[in-house]
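So this first bit is one chain, no partners, the form predicted on its own, shown in structure tokens.
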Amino acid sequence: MGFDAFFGNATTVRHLREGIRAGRIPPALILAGPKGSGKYTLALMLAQAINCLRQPESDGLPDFCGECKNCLRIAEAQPLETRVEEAVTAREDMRDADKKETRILIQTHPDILIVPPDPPQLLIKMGQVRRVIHSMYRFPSDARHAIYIFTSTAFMKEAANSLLKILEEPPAFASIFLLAENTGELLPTIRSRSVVYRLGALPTASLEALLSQRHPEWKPPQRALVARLAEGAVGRALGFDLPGYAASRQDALIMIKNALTEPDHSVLFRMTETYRAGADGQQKTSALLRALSSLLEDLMLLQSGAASLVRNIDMLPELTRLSTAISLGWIESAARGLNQVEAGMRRNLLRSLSLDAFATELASS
């Protein structure tokens, strides 16, 4: 167990390990890359390598054993989604008075603190940054170097300003790791005080090769489909829910066909009625919108004569037929409507009605 378990971006990983070997651990480090590119996994690996009690090497560079007390406790912060769900559940079990003052944090090691976006707004909030400020100037107890990992760059304004104050006078024995899909969300003054390392998308062929090892039960066309849909993100490819995506895509196709042919509202309404309230309904709706966005992008590519870039390659003949019945203006209108549905979800609007309204608007475009 070590850095050899991290797939892709070998040059970036090597530069980070060279920095650890030289003792150059920046006070603020930004790991930038698309969702699923391995930012969180790499951040934990760096925390392990910095604080491993055995300090092994591989290829002449620092590595981690994955077996010592520090490595094991840091590794318990995986998987991120599960740890966040546990923290949210623990907060829900509190008294209302305590619940309002409690922010979501993950800590499986006393000197490694993970700060995810706090639900339901999914923003990094002032209370979370205050906890970092309170802890960061305390000398680490079990680690050589304390690490604070922010898993998102979606900060509330006052929280971002407070983080900036930490970076103006950071302690020598602690570092902040910022995981960013879009570094532009961060204040320019935070970016200027940070060292940025980028994780790039992996080639489709590399992902297919990896999927053939991890998912031998998948057929080659399925591996090819997932590799394209993952858009170069290894984590997204490995964790891809193929049956779930197929179901969401089928519903998205119903909406598109309903708009382009003689509308059959009975079929449409039976489908949208299944998108209920609650957490399960939110996840199902989000999956539908992602599938719909993917189909719209493919239709746009076909309209633009770039069929080789289509991601839903198993549906290429059907998408080609649909593309002849629409215009780029129709796709642009559909994309705007999709954004409105997503905004409505954030305002907790009734999902089935929002989807009905969106489908009706598509039909009239």
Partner chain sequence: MSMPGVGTEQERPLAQGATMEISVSRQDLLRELTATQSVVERKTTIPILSNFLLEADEDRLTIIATDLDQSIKTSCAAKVKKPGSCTIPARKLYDYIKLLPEGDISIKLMENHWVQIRSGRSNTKMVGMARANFPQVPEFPETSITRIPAASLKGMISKTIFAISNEESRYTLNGALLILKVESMAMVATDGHRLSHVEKTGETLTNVSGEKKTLIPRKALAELQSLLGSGDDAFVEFADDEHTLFFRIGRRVLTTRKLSGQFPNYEAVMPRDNTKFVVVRSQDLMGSIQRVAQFADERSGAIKMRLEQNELKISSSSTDAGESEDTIETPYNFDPIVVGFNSAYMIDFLKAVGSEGEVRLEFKDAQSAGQMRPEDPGEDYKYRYIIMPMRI
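Numbering follows the first chain given and starts at 1. All of these numbers come straight from a predicted model, not from anything done at the bench.
Although it is not shown, the form predicted together with its partner chain is what the next lines describe.
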Specify the contacting stretch among 229 to 237, 284 to 292, 99 to 107, 204 to 212, defined as having any heavy atom within 4.5 Å of its partner chain in the model of the complex. 99 to 107
The one residue among 135, 183, 78, 152 placing a heavy atom within 4.5 Å of its partner chain in the model of the complex is 135
If we test each of 82, 250, 121, 141 for a heavy atom within 4.5 Å of its partner chain in the model of the complex, the one that passes is 141
Should residue 69 be counted as a contact of its partner chain in the model of the complex, where contact means heavy atoms within 4.5 Å? yes
At the 4.5 Å heavy atom threshold, is residue 87 in contact with its partner chain in the model of the complex? yes
Might residue 169 be said to contact its partner chain in the model of the complex, defining contact as any heavy atom within 4.5 Å? yes
Non-hydrogen atom contact residue 245 with its partner chain in the model of the complex at 4.5 angstroms: no
Its partner chain in the model of the complex: within 4.5 Å of a heavy atom of each of 15, 156 and 191? no
Just to make sure I understand: among 29 to 65, which residues lie within 4.5 Å of its partner chain in the model of the complex, judging by heavy atoms? none
